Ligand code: BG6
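Encoded as structure tokens, the following chain is the form predicted on its own, with no partner shown.
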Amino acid sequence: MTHQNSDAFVFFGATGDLAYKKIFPALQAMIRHGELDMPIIGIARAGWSLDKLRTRARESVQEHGGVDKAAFAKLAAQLRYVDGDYNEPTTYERVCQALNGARRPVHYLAIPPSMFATVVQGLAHAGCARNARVIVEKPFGRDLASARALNRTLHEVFPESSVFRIDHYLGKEAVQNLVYFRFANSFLEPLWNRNYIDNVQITMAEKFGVQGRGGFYEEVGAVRDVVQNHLLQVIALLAMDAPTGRDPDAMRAEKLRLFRAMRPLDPAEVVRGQFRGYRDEDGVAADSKVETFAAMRLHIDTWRWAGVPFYIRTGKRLPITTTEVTVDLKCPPLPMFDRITAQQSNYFRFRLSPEVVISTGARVKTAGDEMVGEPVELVARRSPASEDFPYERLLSDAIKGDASLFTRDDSVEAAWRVVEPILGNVTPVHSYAPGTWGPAAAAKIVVAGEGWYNPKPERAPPC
């Protein structure tokens, strides 16, 4: 399927934190790679000037990757600025003037979801939404009802084919490598099912806390922040069947089928935690029940995965910052030599951050007369930590109209259906010490094998 490229890039929230940390570095990278030769129009209600926005853009790229003189010069030349209140029709009239004849703009709403309806209607009334695309940031609602309401708001002006819901996690090289490894290697398919896989574990750990964003975190918590979106998306890539073709809708259709096969989470299979000291953060209630840690057991009701538990764990102030997937294979049916325990069995390990590692766990015989073995790990790919700009890939794809890495409306609603039963305070919040792997109660979530696989700092390969 071919799409016409957008011919102008408009982003609301140009003076905000997201623009500073992600959007400006991505725009410079896109220009450096020849992917952004069009007007770039920043919009905000900060009382700024174009010169001040250019200064902000330079500070942004200097801090996040460095200034490329030639690329930044083009970025500064292509940059426009519209200052105005999002509630005022004249703001959108000035946006149309700044487009200067562009007929297929893409509008990026890097603003709170509470402003989406106002901006979408403002663009429509000013005539700026015709033949346009719109990019929206997560969270896509706070629950199933609000997600549906948000989709209705967007669809009043934009058809679904023109809506791009951005989840930066899907643009990461490591996540794309995960799905490539699955479907580019035929040796995996005979093993990738309930007959050989005992359980799957996903840990998304952060050593740091809320980093001064206590007020924001009070509104979301761990389940809304990363489980409903990032981690369910990773499970979809791990567990879905092969798409019927390379068309973006083929990939998204398989993911939707997988989301719909996920059983809604059972509160009895969920443990929430909060690190000690969280309530002392600015913006956090003294009696807060918001979780900074969550562990849960997920079931997928398909022939491929029936009976295979998927374990999800995420938290702040844990011992290490990393995201890691372990696909644990079943033990041999009979102990021919030494006895092999569940956590000594074969496995596949995918480290998604900060390093990228794809490896397989196996056993080999130790030297000597006895038939006993030891575990070894066969590494297929090890890449050091590097500066990753997933926004460059995602914004480039939106400009081209390629929706492969974006989330469809029905998938968003299906994912909310999975987590809906555990939202709010339906389960208690257990306290845990910073620097540990969460509350002790989380150990009971794992009923297969011998417990959680705790990621360790990655060792550099020998020279």
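Position 1 is the first residue in the sequence shown; the rest follow in order. Since the structure is predicted, the reported quantities are computational estimates derived from the model, not experimental observations.
The same protein also has a form predicted in complex with the ligand, omitted here; what follows describes it.
The ligand contact in the model of the complex: residue 225, any heavy atom under 4.5 Å: Judged by the heavy-atom cut-off of 4.5 Å, residue 225 is in contact with the ligand in the model of the complex.
Contact label in the model of the complex: residue 106 to the ligand, heavy atom within 4.5 Å: Answer no; every heavy atom of residue 106 is more than 4.5 Å from the ligand in the model of the complex.
Any non-hydrogen atom of residue 204 within 4.5 angstroms of the ligand in the model of the complex: Judged by the heavy-atom cut-off of 4.5 Å, residue 204 is in contact with the ligand in the model of the complex.
Can residue 165 be called a contact residue for the ligand in the model of the complex at 4.5 Å between heavy atoms? Judged by the heavy-atom cut-off of 4.5 Å, residue 165 is well away from the ligand in the model of the complex.
Can you pick the one in 194, 142, 257, 213 that has a heavy atom within 4.5 Å of the ligand in the model of the complex? Exactly one listed residue reaches within 4.5 Å, namely 213.
Which residue among 182, 138, 349, 94 has a heavy atom within 4.5 angstroms of the ligand in the model of the complex? Exactly one listed residue reaches within 4.5 Å, namely 138.
Based on heavy atom distances of at most 4.5 Å to the ligand in the model of the complex, which listed stretch, 166-174, 373-381, 355-363, 246-254, is the contact stretch? So the stretch in question is 166-174.
The ligand in the model of the complex - contacting residues of 5-31, heavy atom within 4.5 Å: Stretch hits: a single one, 22.
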